[in-house]
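Taking the form predicted on its own, here's one chain by itself in structure tokens.
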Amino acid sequence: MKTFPMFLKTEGRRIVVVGGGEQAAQKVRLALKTSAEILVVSDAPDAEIADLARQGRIVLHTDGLHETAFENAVLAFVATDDGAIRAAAHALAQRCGVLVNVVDAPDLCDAFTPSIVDRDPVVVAIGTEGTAPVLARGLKATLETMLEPRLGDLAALAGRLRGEAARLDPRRRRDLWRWVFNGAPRALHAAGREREAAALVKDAIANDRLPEDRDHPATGFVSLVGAGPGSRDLITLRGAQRLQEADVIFYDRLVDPDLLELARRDAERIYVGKTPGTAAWPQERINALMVRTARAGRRVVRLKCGDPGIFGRGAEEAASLDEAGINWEIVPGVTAASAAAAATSGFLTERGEADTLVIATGQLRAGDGDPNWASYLLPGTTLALYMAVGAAAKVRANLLAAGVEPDLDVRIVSRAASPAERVVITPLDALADTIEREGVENPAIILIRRPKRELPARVRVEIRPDLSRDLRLVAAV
């Protein structure tokens, strides 16, 4: 970031606006939302600014710009088309150590004016470093529809009750406020039933009891969360919420590091690697650490690339949690096969072409033997093979031996939905050679679609009288 987002304290401070036209009036309207003293410097203020001065809502200086205007100022806006005044005001504000925003002059700005969603004391500021104000306004419009008008009142209620809630255990306090802002109190408050909402919150604090305690057990809780196949925007909303609630996050090597930015800043992050061919983090160690962490009463997220229910060893982790008496949940994610198909502008199923989807793996446990991939790839089937790059030669041999067409298109997608995404297309009989030649590496998905066979145009059927139930297809003509 070229700028650092931060809210400035305005209580007991001054905001200076240099200029008297419409642009200056816009900044004054914005500043009036704060508790600052507003001082406008202009010898020709428009009617709106002059009227605000008569009402005593702002202070108007008409005798020119002086250094005294910036005394105790936290911020200055320079909103004038006069180049000489603009340069002088910018230089004077900087000499006085005041952050300055010069309208329509990003190079002269120490601070940029964001688009603001105001639910005081909840304020959302959207900045683009002065590059795309139209985009910022569009995002503001979206957020305005998402946040109920009186959300700030609920936040203010929480602020008044923070002292009473301080006696609760820190984890219980997080559970309390999570419930307040995501559960029944917020729903009641948004429906105009503010007193009921307040009573509910006060009762929960007084008795240290939440109606949703089932979801916040004293022994901790584990969420097995699918991170999606690549970029951070493919995680689900529920997955992002669980990251924000987590005390501890266990994550794999394939998880986009940007996803961790969605977590609380104070959440502990533990990298568990899972690099193929190494034993730095064997599954048993991960299971034991998750159990120990949850038993300490902490909320745990096990963040897995793709979907935790598809070749993620989630069942083994769930079994260990069950054995230890730890409550857990599955938060599904977008699996890599879906992202791989999207990368090829294709679909995993398609009416008339492929009405069956088989998800299989090319990497099994030692001693299990190789699967019969050809038994999965019947006509009308899409076969999505995970972790099969190293088994490409075996896959090719198995399919060709079963009579699968050698010229069948195979699509190999590595690092789907990431900046390093790559698609390689090859005929089946060249699968292994192409992977070696192109240097394709895991993580990758191999997609093979075998279209439905066309039925012969006409058939001759012989019915044998001695076997009335036996209809035999003799020949195609």
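The model shown is predicted, which means the values in this text are computed figures rather than measured ones. Numbering starts at 1 and follows the sequence shown.
Below, we turn to the form predicted together with S-adenosyl-L-homocysteine (SAH), even though it does not appear here.
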(request) Sort through 406-414, 29-37, 62-70, 47-55 and report the only stretch with a non-hydrogen atom within 4.5 Å of S-adenosyl-L-homocysteine (SAH) in the predicted complex. (result) 406-414
(message) Residue-level contact is defined here as any heavy atom of the residue lying within 4.5 Å of S-adenosyl-L-homocysteine (SAH) in the predicted complex; does residue 41 satisfy this criterion?
(response) no
(request) Give a yes/no on whether residue 336 approaches S-adenosyl-L-homocysteine (SAH) to within 4.5 Å in the predicted complex, heavy atoms considered. (result) yes
(message) Can you work out whether residue 444 and S-adenosyl-L-homocysteine (SAH) are in contact in the predicted complex, taking contact to mean some heavy atom pair no more than 4.5 Å apart?
(response) yes
(message) Is residue 347 near S-adenosyl-L-homocysteine (SAH)? Define near as a heavy atom within 4.5 Å, in the predicted complex.
(response) no
(request) Consider the chain as shown here, without its partner, and state which of 305, 109, 136, 240 has a heavy atom within 4.5 Å of S-adenosyl-L-homocysteine (SAH) in the predicted complex. (result) 305
(request) Tell me, out of 75, 126, 387, 210, which residue has a non-hydrogen atom within 4.5 angstroms of S-adenosyl-L-homocysteine (SAH) in the predicted complex. (result) 387
